[in-house]
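Take a look at this single chain, the form predicted alone, given in C-alpha cells.
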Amino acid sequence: MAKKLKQIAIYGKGGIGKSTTTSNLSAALSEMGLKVMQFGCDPKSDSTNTLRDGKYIPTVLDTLREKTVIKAHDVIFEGFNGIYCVEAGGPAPGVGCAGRGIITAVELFKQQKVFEELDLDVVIYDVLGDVVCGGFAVPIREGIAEHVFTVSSSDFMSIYASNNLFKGISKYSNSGGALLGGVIANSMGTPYSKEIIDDFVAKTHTNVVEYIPRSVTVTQSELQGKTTIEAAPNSAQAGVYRSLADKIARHTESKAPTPMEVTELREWAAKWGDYLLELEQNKITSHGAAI
C-alpha cells in the first residue's frame, strides 16, 4: 500500500519568524529520514534560502514568464540534506494577485504528479498570513494542506493575524478545507509572552504545539545562510526545533478553531495592556493568572 503523504501549511504574519521556523522544521524532519519538500508561497520568494546557503532559486512564476511550458523539475532545487525546495513566486510589482503563484504552482505539480514521483513523506507550504486572500487561502480552502499551523509571538498584530487565519479555517472547515493543528509560539522572550499565548489559545479553543524561545543562535545561523539545525546542530535551539518536528510528524488530529470577534479581541488585548502596564509599574509581583 502506498504511504500517505502529509501536507501541512504554516502561516504567520510577515517578520514573525515563520520561514525560519518552517526551514528548521524541514531540516529536522529530513534528519528523521523523511523525504521533505518545502514550498515557499511568499511573493518575497525567500522561504528556502537558509536551506540553500542563503541562495535564491528561480520561482515558478518567473520561470513561466520566460517559458510558456515548464516541467516541474525546472523549478525544484535540492537543499540541505536532500530537501526539495520550491518557490511559487509573485507577480511583477503592482500587478495581479500575490497568491497567484501558489495557485499556478499547485496546479503544475498536480498535473505532473510530482509528489508521487518523488515519493515524498511531507510537503510544507510556507504561507504569508497577514492577509488570507484568495491565493494565500488556497492550501486551506482546497484542503491541499491537511493540517494548518500558525506561527505567532505574543505581540498583538501577530495574534490578530492568527485570529484572522482561524476565521478562514472555520469558514472552510465544513466544506473539506484544512483544519488547525495548533499554534507554534515563537520568540518567547519574557515571562508574560507564554501567558499571553496560553490565554489566546484558551480563548480560541486551540493549543500550543511548541514554545520556541528567542535565541541569538538563530540570528547567527541565518547570517551564515543556514538553518540552526545545520549551523548549530548541538545547540539548545536546535533541540527545540527537533521537538517541534517530532510533534508535527506524529500529529494526526486537527480541528476547527473558535476565533474571537474583532471587538472581543480588542477588549482582550486592552486587558493585557493594562496588566502589563501595572506589571511595569511594579504593582503586580506575580506572573500567575491569565485574564
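When you see a residue number, it is the position in the sequence shown, counting from 1. Quantities reported herein were computed from a predicted structural model and do not represent experimental measurements.
Just so you know, the form predicted in complex with a small molecule exists too; it's not on screen, but the next bit is about it.
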query	finding
Candidate stretches 186-194, 69-77, 201-209, 113-121 - the one whose heavy atoms come within 4.5 Å of the small molecule in the predicted bound form	186-194
Of Ala178, Ile83, Val218, Val138, the one that lies within 4.5 Å of the small molecule in the predicted bound form (heavy atoms)	Val218
His251, Lys44, Lys55, Lys255 - the one with a heavy atom within 4.5 Å of the small molecule in the predicted bound form	Lys44
The small molecule contact at Gly273 in the predicted bound form, heavy atom, 4.5 Å	no
Exercise: Gln237 in contact with the small molecule in the predicted bound form, heavy atom 4.5 Å	yes
4.5 Å heavy atom contact, Lys167 to the small molecule in the predicted bound form	no
Non-hydrogen atom contact Arg214 with the small molecule in the predicted bound form at 4.5 angstroms	yes
